[in-house]
Every structure is written in C-alpha cells, then in structure tokens.
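Next up is one chain by itself, shown in structure tokens, the form predicted on its own.
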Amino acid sequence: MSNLTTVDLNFFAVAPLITLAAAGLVVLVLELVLPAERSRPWWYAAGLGGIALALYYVALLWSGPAAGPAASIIGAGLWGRVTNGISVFGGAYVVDRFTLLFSGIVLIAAFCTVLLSTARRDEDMPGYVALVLGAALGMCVLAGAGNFLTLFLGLEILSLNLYVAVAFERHNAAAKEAALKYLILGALATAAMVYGFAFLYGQTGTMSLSGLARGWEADSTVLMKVGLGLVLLGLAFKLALAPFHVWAPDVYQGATAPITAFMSVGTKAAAFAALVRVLLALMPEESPELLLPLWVLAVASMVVGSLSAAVQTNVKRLLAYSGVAHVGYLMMALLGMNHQGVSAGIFYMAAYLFMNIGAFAVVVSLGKNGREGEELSDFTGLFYRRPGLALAMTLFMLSLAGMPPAAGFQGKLYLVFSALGSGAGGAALWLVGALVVTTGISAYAYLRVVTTMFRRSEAQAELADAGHVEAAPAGLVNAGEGGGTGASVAGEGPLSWALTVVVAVAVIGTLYLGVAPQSMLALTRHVLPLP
C-alpha cells in the first residue's frame, strides 16, 4: 500500500466543470418533475444560473489557485518562462489563468447561446439546453487538459453534444445531413488524433504533457514527429483550418443560429487552447521548420475563407467561411510561442466572441414564419425597419473586416505585432502579407451585408415614392424595437428582451475592446499555460 501514488482530489479546482454538469442534470430533472406548462422558465433559469455560477467559480479561481504559489517552467527549462497555476487529479487537469481565460470565453458564449434560444418553442428544449451545457463542459475540459487522456475526454464530450445539437431540429433535413457529415469527419479526425497519442506514448512512455516535453528534449524521433502531426491534424479539424474546414459551411448552415454561434466561438477557443498547450509541451528547438505545415495551412485558410465568403448569399455560410479565414489569422499568435503571441491570441478570441455572437444574434432576430433570417435578401432594407439592429450589424461586420475603432482592428493589429516580433523571419512576413491581402478581400463580403441593409426593398421604395418615407422608419421602429410589443414587418417577430441583451452585450464588448484594449491585455499577463 505504501507504493500507491496519492492523487490530489481538488474538487474546488474543477468547480466550474462540476457546476456545468450539475446544471445539465437539473435541467433534465426539472422537465420530468414539473408540469410542461410551468417547467419552461425554470429550466432556462437553471441553465443560465449554472453558467453564471461557473463564471463565479472561474473568478474565484483567478485570484486563488491560479495566482497561487505553485509555479512551473515551461518546457522543462528550455523556454525559461514562469507561469502560476496548479495541476490537479494527478496532472490530468491544469488550473491556471490560461485555462480560466478560455473557460470564461466559452461560458460567456454558452450564456449568450441559451439567451438566444429562449424564443424557441421546440418540445425538447430542456435537452437542447443540456446539450449546450454539456458542450461547454467539454470545451472547458479541453482548455485545461494536462495529459492526452483528458484532452481526448474533453474533445469527445464537446463533440458528442454538438453532433446531437446540430441535428436538433428533427424535421430539418439539412440539419440531419450536416450532423451526419460532422459526425463522420469528426470521427476520422479523432481517430487520427488518438493514433498520434499512441505514437507519442510509445516513444516517451508517458501521457502527460510535461513528461512529453522532457521526452522530446531527450530524443525527438521520426515517430514522435508523426505523432505530433496527427495530433495537430485533429485539432486543425476542430479549428476548421483549411483544408480541414469542409464540414464547417454545411454544419453552420444546417444547425440553428444559436448553436452555430456557440460552435463558431467555443470550439475554436477550446481547440486553440489545447493547441497552445500541446505545442508548448512538444516544441523542440527546431520548431520553425517543424511547424512550417501549420503556417501553410494558416495562409490557405486566409485565402480560402476570404475568397469563399465573398461569393456567399447565405449569411450563415458567409460567417462560416469568415471563421475559416479568422482561424488563419489566429495562427499568427503561435509563431514565436511567446507571451506576446499567446496574449494576442487570447485578445483576438475575446474580440471574435463579441463580434461573431452579435452577428448571429442579428440573424436570429430576423427570423420569421419559423425560419431564421439567414439569407442576404432578409437583410434588405433592415435600416428602414430596425435601424438599431442595422447599426449593430454594421459594427459587427466592420469589426470582422478589421476596421477601427472596433475590436477586430485591435485584434489584427496585435497579431501583426506579435508575428513581426516573434523572430520567425520569412514565415512572419508571409503571414502578415496574407493577412493584409485577405482582409481586403473579406471586407468585400462584409460590406455586401452592410450595403444590403441600407438598400431599400421594393415595398420601401414604393413608400418613398408615395411620400411616406419619413413616417415609415419611425413607425417600424416603434413596432419592432419599442419594447417587443409588435412586429416590424409582416411575419417578422418582435425583439425579445433576451435577444436585446445579447445584441447590447456584443455591441458594448466590440466597442470596449476596440477603444480600451489595454484592459483586456492586462488580464493576459503571466498567462502562459502550465505544460
């Protein structure tokens, strides 16, 4: 018995994870024990309350264990960088400020997703909310993975929940087709990743990321490099890096807009966090040459995403290809694998959270007759029906295009600075050049949406010709935005309080990070993850 290893069962360190799991169970139980006509507000409250409580625990951990006395040198001394945090459950899960920042991004995205879903009247909505909570749980686990087993566990938890969430609309054939594609391709990517884990374990004899760092320094064999490549392949699929992005447009279009918004932010944040942990643990001294394929994928993502977005007429598909391009930009944060790069990556994910969630919230708001307002034609004349929404969407589109003073501009600026200061030489110049060119191309796609919103429809043009143009906007605004008591056009639903909250938060976040970016950057100090 004396030879048994004591496992540090620190349940406070995983309190956000326990809270999300418990909230999901509470939602399902409430549906069983309460009458159908009374249960709806209760399980929505349970879901939102669980996410809020998880955020509270994240805040407690930020000033507690994540800022505690425990410290570790990244890469077993190779990099000479110190970070604070603790490793619990035998090193399976790491609680540091890196984990908590990404967990915060995921939880905010989940909270907004549940709010955007409150207007839905599907019979199985408790299951829907539980799926969102389960996916958020998997994303948080993935962000704090300390070994390959935890990494695989987090990946599977988020994937299985999202497969079902994508196909949630049982009468939507496009949703079922998208979920099937996502399942098959996701299974292949996961299989490749597990095969990579096997190679790395066979060569080093450990599943721990910190142990792999020491094993790589001692002897980095060809099989270890193949294993790393397979692991990166699996994470590239979750990030939707080209050419592993083929699932994204169909899945984004087939899933409901709230789920699409959640996937576009949460999955990318969790996969990026896992990618940073793996690369910091396994990065040898010859890393620039080893990671050349990653830079090629980054440039390919920028080009494919921006060119494809420019020809889309479906806004959800446009945002899907936009996400492919933005992941390419995000890869610039990994050039030097230093504090400046990781900090820029976290800032960019925070900016992407607000501008992307906000854009999908507008898509939800334009729903009518049981259909989401995802076609570009649905945005025609939006300024004359709902000027507030049109101005908010304009802000989000300009932010995605990287125009000041929105958060997207600051995010791209920090990525450029981190790339040029990384010492990566030619790779940095190629990536910065690709960002500049593809930003100009993608701006066309975003400005198409903006110009459509400010172009009158035929009905509005007829009103203008008849001399009613002055009265029309005011009347439509009062009906559509004055407290949610009427519809702006026939069949178009009123704005709910939940939708108004999400759009307002997204607008404030996008502007705040663009005008006062230093407040967010201050949170990223000493945020390099434990291996």
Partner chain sequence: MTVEILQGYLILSGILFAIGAAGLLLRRSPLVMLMCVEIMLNAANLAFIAFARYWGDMTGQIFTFLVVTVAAAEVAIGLAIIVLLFRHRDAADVDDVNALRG
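Residue numbers count along the first chain shown, from 1. Just so it is clear, the structure is predicted and the values come from calculations on it, not from any experiment.
Note that the form predicted together with its partner chain isn't included here; everything after this is about it.
Undergrad: Name the stretch: of 104-112, 335-343, 424-432, 162-170, exactly one has residues whose heavy atoms fall within 4.5 Å of its partner chain in the predicted bound form.
TA: Selected range: 162-170.
Undergrad: Can Ala179 be called a contact residue for its partner chain in the predicted bound form at 4.5 Å between heavy atoms?
TA: Within the cut-off, so yes.
Undergrad: Check Trp295 for me: does it contact its partner chain in the predicted bound form (non-hydrogen atoms, 4.5 angstroms)?
TA: Result no; Trp295 lies far from its partner chain in the predicted bound form.
Undergrad: With the partner left out of view, is Asp250 within 4.5 angstroms of its partner chain in the predicted bound form by any non-hydrogen atom?
TA: Contact check for Asp250: yes, within 4.5 Å of its partner chain in the predicted bound form.
Undergrad: With the partner left out of view, is Leu290 within 4.5 angstroms of its partner chain in the predicted bound form by any non-hydrogen atom?
TA: Leu290 lies outside the contact set for its partner chain.
Undergrad: Exactly one of Phe383, Phe409, Phe244, Phe199 has a non-hydrogen atom within 4.5 Å of its partner chain in the predicted bound form; which residue is it?
TA: By the 4.5 Å criterion, the partner-contacting residue is Phe199.
Undergrad: Heavy atom within 4.5 Å of its partner chain in the predicted bound form: which of Leu391, Ala191, Ala310, Val437?
TA: Contact with its partner chain in the predicted bound form is made by Ala191 alone.
Undergrad: At 4.5 Å by heavy atoms, is each residue in Leu153, Glu156 and Arg317 next to its partner chain in the predicted bound form?
TA: Checking in the predicted bound form: Leu153, Glu156 and Arg317 are all within 4.5 Å of its partner chain.
Undergrad: Pull the contact list for 342-366: residues with a heavy atom within 4.5 Å of its partner chain in the predicted bound form, in sequence order.
TA: Heavy-atom contacts to its partner chain in the predicted bound form: nothing from 342-366.
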